[in-house]
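Next comes just one chain, in structure tokens: the form predicted on its own.
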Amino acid sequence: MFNDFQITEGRPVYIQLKEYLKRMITNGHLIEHQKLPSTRELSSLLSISRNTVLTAYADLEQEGLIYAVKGKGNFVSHVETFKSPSIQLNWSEKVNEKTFLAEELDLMKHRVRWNKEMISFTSIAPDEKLFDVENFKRAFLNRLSIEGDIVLNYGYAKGYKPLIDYLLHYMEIKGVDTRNKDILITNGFTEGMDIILSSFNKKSGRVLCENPTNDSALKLFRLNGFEIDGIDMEDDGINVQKLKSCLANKEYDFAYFIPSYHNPTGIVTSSQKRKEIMDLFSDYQVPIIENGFNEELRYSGSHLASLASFAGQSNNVIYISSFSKILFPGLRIGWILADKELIYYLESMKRARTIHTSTLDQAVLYQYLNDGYFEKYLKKAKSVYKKKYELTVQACKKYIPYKRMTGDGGLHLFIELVNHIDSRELLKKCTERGVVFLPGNVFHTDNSGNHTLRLGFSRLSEKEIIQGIQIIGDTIKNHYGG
């Protein structure tokens, strides 16, 4: 007995011993009133210090799992180990249709499997090699020393006030009129969108958006039972004439737009079209949800105001954003900027669902932003990503026979292949050669886009970018000609 105890590096040994003995007791391997080895015997048997055994025994006694008899040693206490008869429920009969739909729409489960040795263009997450870990540590220690007793306790559903104030100022600098506006902190973009959709009064049950669009948003629209009308994208943004036609002929509960570095096309909607969009939606009194996706990753051209900025004092734009695609996605912190009355209601929905976003994470992010680290990090990140962006564009022009390529910045490009080549078939062939990407139809509202694909380059080295794109191009030429 006890010869199967294995020590794992990096954890206190006394905890490992305590858990090992606890498991043996609760599983019935050590029975009631059984005498345990003395601390000296067990330390010798397991080649660990006697103090380690003493500490483990003390903790087990405190938990009521063992008892000590003076002069005789330690014994196993009475522990109920009765197990009920084994049953096996069929959980596929217990979950609802919404759950089945979520599983069906789960790209992480159903996309082509890949391993770390492969070149993956699937991600548009930031490159972890750029993470400003040292300054994040400083921010963490600074905030903890200032108010550790507060940020480690429960927080508020609306969010950590210093971060809210910082973000209101941040949005004001972007040109947004923040009068009568407020902010709700969320667990990233996805929770923000889900809270909004769960709070809306569904009248028409229809949503307008760009086609293609963010696959996470599409999934949430479908899970919440909305019909989706997607409007084709032109090189300078959504087709406004088709947008006008839709608004004139149907009723919509809201519209969803990504005007800057659109996911997946990378297109930046022109200033003229942004004005036309705002004028249209003012006329029709339809709310707009704006995804402020990657607005910071502008490599060239002039700054374009967000739709929230164009709105002025109007309250019809709900702006959702996060720093996940540029800073630290592991924090999962996003925000909703909207009319104060709407935030008042969304706060209650947030509280009902998750109580609040991690106060510690919010506080550390606030400290990091407030100390000016973000501006320095952003300059470095933009320099690296700009180089990767330009390299990806050049490699695509050189190796991939495409009909159309879009992407004005950000962390990805969108390719429309020549001769209507099926991107899923192409993906299977490229996977065999160690390269993966995302087929474009997952972003389309109408199951179209079978001849498109998205290339995310943010987490790849320059060598991997060139090599991967060359393999995609060679695979097209070898199997489809061109």
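Bear in mind the structure is a predicted one, so any value in this text is a computation, not a measurement. In this text, the rigid core denotes the largest set of C-alpha atoms whose superposition between the two forms falls within 1.5 Å. In case it trips you up, residue 1 is the first one in the sequence shown, and so on.
Heads up, the form predicted in complex with a further copy of the same chain isn't pictured, but that's what we're talking about next.
Think of it this way: in the model of the complex, a further copy of the same chain has a heavy atom of just one of T26, S49, N419, Q34 within 4.5 Å, and the residue is T26.
Contact with a further copy of the same chain in the model of the complex, defined as a heavy atom within 4.5 Å, holds for exactly one of N74, N211, S324, T269, namely S324. In plain terms, the part of the chain that comes close to a further copy of the same chain in the model of the complex, with a heavy atom within 4.5 Å, is 334-342 out of 256-264, 232-240, 400-408, 334-342.
In the model of the complex, no residue of the candidate spot (T39, K429 and H444) has a heavy atom lying within 4.5 Å of a further copy of the same chain. The closest heavy atom approach of P162 to a further copy of the same chain in the model of the complex falls outside 4.5 Å. The closest heavy atom approach of G225 to a further copy of the same chain in the model of the complex falls outside 4.5 Å. Contact annotation for T357: at least one heavy atom lies within 4.5 Å of a further copy of the same chain in the model of the complex. Although the partner is absent here, Q62 sits close enough that one of its heavy atoms falls within 4.5 Å of a further copy of the same chain in the model of the complex. Contacts to a further copy of the same chain in the model of the complex (heavy atom within 4.5 Å) from stretch 397-426: none. Once both forms are overlaid on the rigid core, the distance between the two CA positions of V13 between the shown form and the other one is 2 angstroms or more. Remark: with the core as the superposition reference, the CA shift of T52 between the shown form and the other one reaches 2 Å or more.
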